[in-house]
Structures are given as C-alpha cells and as structure tokens.
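To begin, one chain is listed below as structure tokens, in the form predicted alone.
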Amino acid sequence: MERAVFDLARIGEVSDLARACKWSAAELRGAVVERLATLEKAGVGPASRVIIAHGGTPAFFADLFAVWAVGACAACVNPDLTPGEIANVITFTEPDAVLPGDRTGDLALPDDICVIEDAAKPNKGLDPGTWRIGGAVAAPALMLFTSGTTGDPKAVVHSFGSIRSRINYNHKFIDGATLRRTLCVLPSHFGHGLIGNCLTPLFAGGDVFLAAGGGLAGAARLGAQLVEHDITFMSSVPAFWKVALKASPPPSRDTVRQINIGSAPVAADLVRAVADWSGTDDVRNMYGITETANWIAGGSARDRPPEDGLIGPMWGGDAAVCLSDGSRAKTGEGEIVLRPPSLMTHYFRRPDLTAHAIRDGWYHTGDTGTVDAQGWIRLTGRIKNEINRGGMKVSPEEVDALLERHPLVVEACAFGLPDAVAGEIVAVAVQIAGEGTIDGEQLRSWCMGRIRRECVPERWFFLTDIPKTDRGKLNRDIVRQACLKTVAT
C-alpha cells in the first residue's frame, strides 16, 4: 500500500511568542513520541478520528504529529468554540478521542469518549527509531471545519496524499532559504495558517514563530518582530495588513524575502503598500481554499505589476472556467474550476455537498473570473453566500440558525457588507415576534458565548417582514438591498 509520509527528522523548531516559550526540534520530536504512546494506549489507530480542540502552540503540533504517527485523522477545531459548539462537533464527528489541551475544565465532554487531558510537553529523550509519520495516500489525515458548528457542520476532509502533495508543491514555489524563519500570525485550525504558514516551512527544515491572536497589539509589533527574529517569510490575510501598515513602524532592516497575502481578495494598492513597507518586492497575491489545502495559485509583484483581482498561475494542477452552458474552457470568463493534486477527498458525511462541489474531477469554487493564455487567474466576483470576514469564512446560514433560536426572533437573514479593514462584515436582518422589543446590542450580547466572535453580526436591521422571491425563497441580495434603505442599529 502506497503511503504518504512526513519526515520529522528534519523539522525546525517552534516558538510561541505570546507565551515566550520555544521547543527545539528534538523537544518536539520527543513530545510526539510520548503522545504517540498515549494515543496507542487509548486504542487510537488507523481509521480513528481525533479532535484537537486547542491550537497556536508547540503542543498543538506535537498532538497533530502524534495523531498522524498512528495513521489517524486529526479534526482541528477553533479553540474559541463555545462548549456547546464543540459538543455539536463531537456529536457530528463521533471521534475516538479528544485532545482538549488546556480547555479541559470548561468542556462538558461525553463519558464514552476518550479524553486525553494531559497537555503535550517538550521532551528530548525519546526516540521511536524512525521519524517518518503518515498513512495510506488515500486515508483521511485532516478535517477542517468551514462552517456549521452551531447547526449541521461542514467539514473538509484531506487525505495524507493531498496534504503531502500540497506541501511538496509549496516547496517548489518557495525555496528553503525563504522558509528558513517563518512568522505565523494566523490560527492553526485555519488551512492558510496550518498548512501554508506552518507545515510548509516546518517540513522544509525551517523554524516557525507563532504569533496568532495578536490582534491590534500584535500588528503594532510586526515590524519589530520581523527584525528581532530575523523573519524571512510570512503569510497573512488582507485585513491583518490593513491594520499593520497603520499600526506598526516598518522594520528597521530588511529581513523578509517573501510575503504571501491570501484567503480574501487583495487590492493592488495593498500589495504595493506591503512591498514598500517590508522592503521586498516579492509580495504574492495568493489564491487558496480550504478544499484545496491552502494555496493553489499565486503571482508575485516581481512578475507582473499588481492589479485588483489578479492572482497568478497555478501551483500544480489545472485551472479552467466553467462557461454559462456548463462546458469547460482552458481560457475565458466564467466560474473558476480547479483540478489540483491537493484536492480534498470529500465533505465529511455530506455526499450531497461533495457531489455539487466536485464534478468530473473538477472542484467548482463558486468564484467568477478569467484565465488567460498564460494561465494567470483573475477573480472578478463570488457566487457563494459565504461572508469573508478578514479571511475567516462565515456561513450566513449558521448565523440565521442561531438567531432564530432566540425567543423573540421570528426570522433572520445574514449577509455581508463591504468593510475597509475586514473586507466584509456580518450584517443581519431580523424580524421580531409580535410586540417584542429588543435592540441590536442586546442581540449581540446574546450571541456572544453562543457562537464564534467572527460570526457575531456588527450591523443589525429590524424589518417587519423579510422579503422573499416570487417563489417564496430567501434571496440575500434582495434582503441586503431592502436593509440598506432602512436605518441600521
């Protein structure tokens, strides 16, 4: 049986800047061996599913690599999920084990699930004899949730083969010297942060510096961090850069060789501003989707002058456009469809979604754009309803479902509104029952603790009736237009 493996013998070290701790490569490998023994004792093996409910630390990578060492699938969830959301994910995934990290105390976990409460610790003294981890090429390796933690979850499943392929192609387009010292300001449950910004440099022998969750304070320290840690590579979302360019002085010396920007549309002005601020002209507008295991295309400002929506050529695999008649063309305008070697295998327990997204071997992105004769992709719009809030995808259906659980809410319809910093913010139209009285701030407070912070609406519109199409269906564009004619709270 063909296996896809990852070699821990040549990984770099991991530093947690927020907690001021560093694990050497030897300490990380030792922790993996220790966690591996714990998982095997708990009966975890190939075909098992393990939820990792923490992240953004060296201990997270010890847990992830230990899960892969037994050939199991790691389901990486947002550490900020509420206990209720995690309980919903557990019900959906039916895991064999849960690794809660330091969250053990606030989670009400079922008695019939193995919970490994002790957090991973650095350990130099353990040697398994081989540092090659992984599993069968087609076996599930990674599950990333894109929406639905309060309702029906939507989880992308990647095989060991798709993850290995994506990292291999990333190495072809980013050299080892560039990946020598990487700063990650993204969460580790996010494909962009995990696969692109952490696993890619680690498996190239590079060191990773974790600074996720820094917010405004973290962005303000960016220039100093680049110099202090001699950072050579980083990748982030446009919203982070919009804050950092205003909040942080530029680095006092040039250290960065390459910067990737992705997970949301990138304006040409932003690419130029980042290049001027950082001192490198190798700033790349990247196209990446959770279903394709992060980056699948990108172009550097060195190769073509930045333009709004201009992405670049594929990083392995094929791109095409789906025309209005349903046919595919190598060039032209239409829905962007992709056939990368790192395509997901399926949506977990959602064959309906899988069949809609992957047709004849091509992944339908829901994005509209063009592909030119040189293979450069340009994005012009989006078919999907997803709200892209600073690179974090928010399902409006998920927001609707939560709000409609409130006793005074008859119906809710969430949608995105443009925002200069985040790209989009979450807005919502709400119909209140009878003579009920409630305002946006009260509903916002009610949402907090019940759903992730990025899903909580920022603008609230109260309508006596939420408009529908002539067939009685909800159309978010129609609702958005109706709301903009009213006064928001």
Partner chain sequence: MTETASLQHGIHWQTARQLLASALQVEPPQLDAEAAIGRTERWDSLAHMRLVLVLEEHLGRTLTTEEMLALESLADIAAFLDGAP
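This is a predicted model, so every value here is computed, not measured. Residue numbers count along the first chain shown, from 1.
Separately, the form predicted together with its partner chain exists; it is not shown, and the next lines address it.
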Exercise. Is there a heavy atom of Gly326 no more than 4.5 Å from a heavy atom of its partner chain in the predicted complex?
Worked result: no
Exercise. Can Arg459 be called a contact residue for its partner chain in the predicted complex at 4.5 Å between heavy atoms?
Worked result: yes
Problem set entry | is_contact(Val430, its partner chain) in the predicted complex, heavy atom dist at most 4.5 Å | no
For this session: Look up in the predicted complex whether Ala217 has a non-hydrogen atom within 4.5 angstroms of its partner chain, and give yes or no.
Result: yes
Exercise. Which one of Pro249, Gly375, Gly332, Gly176 is close to its partner chain in the predicted complex, taking close to mean a heavy atom within 4.5 Å?
Worked result: Pro249
For this session: With its partner chain left out of view, choose which of Arg164, Arg389, Lys154, His189 has a non-hydrogen atom within 4.5 angstroms of it in the predicted complex.
Result: Arg389
Exercise. For the chain seen here without its partner, which of 66-74, 45-53, 24-32, 447-455 has a heavy atom within 4.5 Å of its partner chain in the predicted complex?
Worked result: 447-455
Exercise. Would you say all of Leu194, Asp282 and Ala301 touch its partner chain in the predicted complex, counting a heavy atom within 4.5 Å as a touch?
Worked result: no
For this session: Note that its partner chain is not shown here; using its position in the predicted complex, name the residues of 414-444 with a heavy atom within 4.5 Å of it, in sequence order.
Result: Asp419, Ala420, Val421, Ala422, Ile425, Glu441, Arg444
